[in-house]
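Coming up is one lone chain in structure tokens, specifically the form predicted alone.
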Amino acid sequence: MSKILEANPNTEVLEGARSSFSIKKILYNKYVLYVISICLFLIVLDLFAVLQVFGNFMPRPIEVLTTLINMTVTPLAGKTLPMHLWASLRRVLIAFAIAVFIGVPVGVLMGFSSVANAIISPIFHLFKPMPPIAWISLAILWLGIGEASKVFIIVIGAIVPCILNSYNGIRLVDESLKDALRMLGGNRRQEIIEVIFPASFPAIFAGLQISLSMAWTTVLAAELVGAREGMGFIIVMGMNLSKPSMIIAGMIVIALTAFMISMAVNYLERWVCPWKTELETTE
């Protein structure tokens, strides 16, 4: 029987197809693609640095890694990298909590009440296009150069997505869901608790994700002025000392921290909105 299989040319074709399929399966694995993407990106950066595409201001990835390790153990302005990261993280979390505490209820109120929407909407749309950086001068004049002014600027940047997504989440609930509840004899209270709020949670959480991104963007702007600690301070020091490796190291730390916080919000969303995860899996 084995001799027949050996003599059969189709056997080699099948084995080749199986090996080709297994290789293709590995290459199409998303985690393998993640690793390939990162490696290719680092190789391109290293080539740019070696070829001096941007002059001497493009560090090699190994230089960035070395700088990152040195900042972790060597103090900069009396503080190590984890201490600077905590300073920025503390400002972001405090401002984000304030933005959520104010922004989500305001957006929900605007979505439920046409009167509240008519009162708040003109003011909101007046301030919405203003960039948070434009508030820096006023924040310093009003609150000084301490923590209060920095938190205030971050709140200005983070509160807009909270209000906007909360409002849209309430207003854009599918009317057929409300009609189905009414047909089953549900009252207004049940409509709000069992239909409107659960249906609006995904939009609200999307607003929280955008709000976190805005908070990290704004904290850097806030720390560019009068700060002696924080990731923005590290980036400014890297510019002043002509150390691009320090700048990029600071950017990497910010990106990784923001990514981990964003993942935490995603897990919270899955816990609060398990039906959304089920729908995505089904689709």
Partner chain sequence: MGENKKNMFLKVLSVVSIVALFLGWQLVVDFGIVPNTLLASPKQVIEMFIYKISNANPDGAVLWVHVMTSLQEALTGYLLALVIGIPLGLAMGWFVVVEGLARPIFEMIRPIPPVAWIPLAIFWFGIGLAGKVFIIWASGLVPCVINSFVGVKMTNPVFIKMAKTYGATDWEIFKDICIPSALPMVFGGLQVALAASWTALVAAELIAADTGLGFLITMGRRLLKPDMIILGMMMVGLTGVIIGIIIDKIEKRLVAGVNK
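Positions refer to the first chain, counted from 1. Predicted model, so just to flag it, every value in this text is computed and none were measured.
Not on display, but discussed next: the form predicted in complex with its partner chain.
> How about Q52: is it within 4.5 Å of its partner chain in the predicted bound form, going by heavy atoms?
Flag for Q52 set to no.
> So in the predicted bound form, is its partner chain close enough to T74 to count as touching (4.5 Å, heavy atoms)?
No.
> How about L212 - does it come within 4.5 Å of its partner chain in the predicted bound form, if we only consider non-hydrogen atoms?
Residue-level check for L212: no, no contact with its partner chain.
> Just checking whether T66 would be counted as a contact of its partner chain in the predicted bound form - the rule being heavy atoms within 4.5 angstroms.
No - in the predicted bound form, heavy atoms of T66 and its partner chain never come within 4.5 Å of each other.
> Identify which of P129, G78, P82, G146 has a heavy atom within 4.5 Å of its partner chain in the predicted bound form; exactly one of them does.
Of the listed residues, the single hit is P129.
> Quick one: of I98, L89, L109, I133, which gets a non-hydrogen atom within 4.5 angstroms of its partner chain in the predicted bound form?
The residue in contact is I133.
> Tell me the stretch among 161-169, 98-106, 204-212, 117-125 that has any heavy atom within 4.5 angstroms of its partner chain in the predicted bound form.
Careful reading of the contacts points to 117-125.
> Judged by heavy atom distances of 4.5 Å or less, which residues of 231-265 approach its partner chain in the predicted bound form?
Residues within 4.5 Å: I235, G238, M239, S242, K243, P244, I247, I248, M251, I254, A255, A258, F259.
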